[in-house]
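Shown below, as structure tokens, is a lone chain in the form predicted alone; questions about how it binds or moves come after it.
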Amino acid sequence: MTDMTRSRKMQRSLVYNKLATGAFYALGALVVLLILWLLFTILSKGLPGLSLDFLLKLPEDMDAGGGIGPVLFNSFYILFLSLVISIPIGVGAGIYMAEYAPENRFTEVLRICVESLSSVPSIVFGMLGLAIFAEYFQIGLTILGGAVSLAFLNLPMLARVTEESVRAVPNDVKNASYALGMTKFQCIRTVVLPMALQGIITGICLVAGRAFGESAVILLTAGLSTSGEMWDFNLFSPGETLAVHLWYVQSEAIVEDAASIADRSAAVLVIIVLLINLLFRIPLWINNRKLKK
């Protein structure tokens, strides 16, 4: 190969590299612009009408001027209960699959089943919760049924994300901890989990945001109404959430200001999802600072 041919190939590679870099930057900018446009469209309609009275007031069925107090409380309550159930089980299952489960055909089939469940439509989990709580146990549409059904929905994704995050920890780091005399549990607790924390927190953010904005599961398991109280901690009360209320107001409500309530509810929903992601990122920042010291 002559020097001229080699030089032409080098120049062609540099051109392709610049074109590919420009294309990726353009795609990234397009995605960012699309997200900003969506946020601007939703927030510009809902933010001007937001007030503390709207966030704390009871909804109205017929008259204008209702709020979202009970449904907003139910959203946080059901989200908290579902995470209390799903995080220990999902993270524990992911650690087991990555560190303890033997590599055999049964484990591979189990992993495929978990991946398949992650892509099942949420309404299927809603119908499962309806069959278990409303039909089998005869307790009706309740906060408890909605929380457990959301936990079922979140478990496969959380377990799979945790497994991949734990597997991404280098084996050299694990072997070094074993060489220092650590047991397997000590290695997982002090070495593996801190290094895999970023991926695990990302998975928790995904399932928390999905759970907070979920409507199909809640509609079938927690119902389309509230108890009428602002702070109702009874697990057997109906548990309409903000996402379900938004759907109802937008499609079925007959109040005069239904469109305004829907716009403000959508803005609150988006803001809270963003705050949830920010809240779960704080442990990551603290953990990264500890690892850098």
Partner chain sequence: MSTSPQQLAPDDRAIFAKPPGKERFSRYMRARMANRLFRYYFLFSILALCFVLGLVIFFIGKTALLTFSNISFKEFFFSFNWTPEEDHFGAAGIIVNTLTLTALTLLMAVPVAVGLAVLIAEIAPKWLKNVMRPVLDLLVGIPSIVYGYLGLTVLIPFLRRLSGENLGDGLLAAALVLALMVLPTICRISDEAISMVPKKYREAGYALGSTRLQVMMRVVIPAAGRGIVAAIIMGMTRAIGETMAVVMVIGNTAQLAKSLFTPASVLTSNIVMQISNVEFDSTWNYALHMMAFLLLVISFILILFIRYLGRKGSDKA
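Bear in mind that the values here come from a model prediction, so they are computed numbers and not experimental data. Numbering follows the first chain given and starts at 1.
One more form of this protein exists, namely the form predicted together with its partner chain; it is left out here, but the text below deals with it.
Contact test in the predicted bound form: Phe73 vs its partner chain, heavy atoms, 4.5 Å
It does not: once its partner chain is placed as it appears in the predicted bound form, Phe73 has no heavy atom within 4.5 Å of it.
Do Thr202 and its partner chain come within 4.5 Å of each other in the predicted bound form, heavy atoms counted?
Output for Thr202 is no: heavy atoms all beyond 4.5 Å of its partner chain.
Trp247 versus its partner chain, in the predicted bound form: is there a non-hydrogen atom within 4.5 Å?
Yes - in the predicted bound form, heavy atoms of Trp247 and its partner chain come within 4.5 Å of each other.
Could you tell me if Ser51 has a non-hydrogen atom within 4.5 Å of its partner chain in the predicted bound form?
No, Ser51 stays farther than 4.5 Å from its partner chain in the predicted bound form.
Only one of Leu81, Val169, Val161, Leu155 has a non-hydrogen atom within 4.5 angstroms of its partner chain in the predicted bound form; which is it?
Residue within 4.5 Å of the partner: Leu155.
State yes only if every one of Leu150, Ile254 and Trp285 has a non-hydrogen atom within 4.5 Å of its partner chain in the predicted bound form; otherwise state no.
Spot residues vs its partner chain: no contact at all.
Candidate stretches 256-264, 229-237, 65-73, 52-60, one within 4.5 Å of its partner chain in the predicted bound form by heavy atom
Going by heavy atoms within 4.5 Å, the stretch is 256-264.
Even though the chain is shown alone, can you say which residues of 27-58 have a heavy atom within 4.5 Å of its partner chain in the predicted bound form?
Leu27, Gly28, Val31, Val32, Leu34, Ile35, Trp37, Leu38, Leu39, Thr41, Ile42, Lys45 sit within 4.5 Å of the partner.
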